[in-house]
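The data below hold one chain only, encoded as structure tokens and taken in the form predicted alone.
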């Protein structure tokens, strides 16, 4: 790879977080092509296998949404509108292409607006099914094959199974590093704060996978070498929600007197911890991972067994994380107009509370102008946990 920022570990993560897109711009100047994408359901392995740089498009909670509101309805998810607003304002001028998966309606139904307005050299919509049965899995494998062929034409070369297998290996290594970093949150006190971890994962979204692996390894070594954080007893919080691509909310919780030690977020445990099974058919492995292993509210899971077994199938990974990370309370953080998670709230809340863990449900805009008003409710929740 061409020369990059000389900083290492947490300092490098902070640099790439503060100047999001810095490395992509550097690589663009070196002649690399950068493919932007929305949502954790985009199989970045295929982009890597094509020889391109996968770059996750994010919004900005500090930037008022202005230009996007001239193109999109304001009842669309504020995160999606912010991402589009950043693109319209030139923050992602280095992109050569755009990939959008069939995630939620706000992402899916705005693809044509993105495609028409940005008018990039390449764009592709991944028609990901919502079911997880065998027929849906077979269909999705063919959808991914279509994406591979389409991106290969843009790259001017065929994306071979061998190239895909190599990219899968790299992305699995990246996820293994993230899992190793998560293990450092289990101690009391944790070795890394939620704010720091969130910053690292956001930075990783903007890097080529090889450089992300290197950065994560440096962060792990640095964090292990410095010892624990504050030794005073603080509540251990898990945050559940959709995409949280800014440290503001996590920082708010930790500044209020808690540690964020676990999550079910993107970027976060939901996006990074599930691996692709290495098989003779790399597309089948990718289809299995993205359709069945990444558990998100946008995916329908057919009820099997009794109702409690159904809840365990949908939310059991959350319950296991609560136990594994010694979580005292859960904050369920949902954006306004986020229908997939909005509909999930009653069942997630009842499932977690039935396990004896208190839950605070918050609905918010994707904006720093509103996040401050959550402080009082978070502080009250932490006082409640302290009284138990």
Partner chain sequence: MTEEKKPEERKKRRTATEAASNIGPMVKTMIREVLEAKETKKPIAYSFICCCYDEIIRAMDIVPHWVENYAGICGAKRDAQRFLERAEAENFSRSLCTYALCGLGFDAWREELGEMPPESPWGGQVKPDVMLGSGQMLCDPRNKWFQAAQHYMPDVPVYDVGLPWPAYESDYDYRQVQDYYVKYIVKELKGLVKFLEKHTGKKMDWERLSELVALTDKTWDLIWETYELRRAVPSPMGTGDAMNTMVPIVFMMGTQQAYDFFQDLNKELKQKIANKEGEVPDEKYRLLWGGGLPAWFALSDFNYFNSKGAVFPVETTYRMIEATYNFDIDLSQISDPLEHIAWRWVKFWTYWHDRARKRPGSHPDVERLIKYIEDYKIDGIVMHEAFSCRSWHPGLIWQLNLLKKVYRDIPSLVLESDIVDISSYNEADTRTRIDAFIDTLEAVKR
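Numbering follows the first chain given and starts at 1. Small disclaimer: the values here were computed from a predicted structure and weren't measured.
Quick note: we don't show the form predicted together with the partner chain, though the next part is all about it.
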{"query": "Check all three, 69, 115 and 361, heavy atom within 4.5 Å of the partner chain in the predicted bound form", "finding": "yes"}
{"query": "The single option of 279, 146, 187, 160 touching the partner chain in the predicted bound form, heavy atom within 4.5 Å", "finding": "146"}
{"query": "In the predicted bound form, the one of 256, 91, 136, 173 near the partner chain [non-hydrogen atom within 4.5 angstroms]", "finding": "136"}
{"query": "Among 243-251, 74-82, 187-195, 216-224, the region lying within 4.5 Å of the partner chain in the predicted bound form by heavy atom distance", "finding": "74-82"}
{"query": "Partner contact for residue 324 in the predicted bound form: the partner chain, 4.5 angstroms, heavy atom", "finding": "no"}
{"query": "is_contact(residue 347, the partner chain) in the predicted bound form, heavy atom dist at most 4.5 Å", "finding": "yes"}
{"query": "Exercise: residue 166 in contact with the partner chain in the predicted bound form, heavy atom 4.5 Å", "finding": "no"}
{"query": "4.5 angstroms heavy atom contact with the partner chain in the predicted bound form for residue 206", "finding": "no"}
{"query": "Heavy atom within 4.5 Å of the partner chain in the predicted bound form - qualifying residues of 121-139", "finding": "122, 123, 124, 125, 127, 129, 130, 133, 135, 136, 139"}
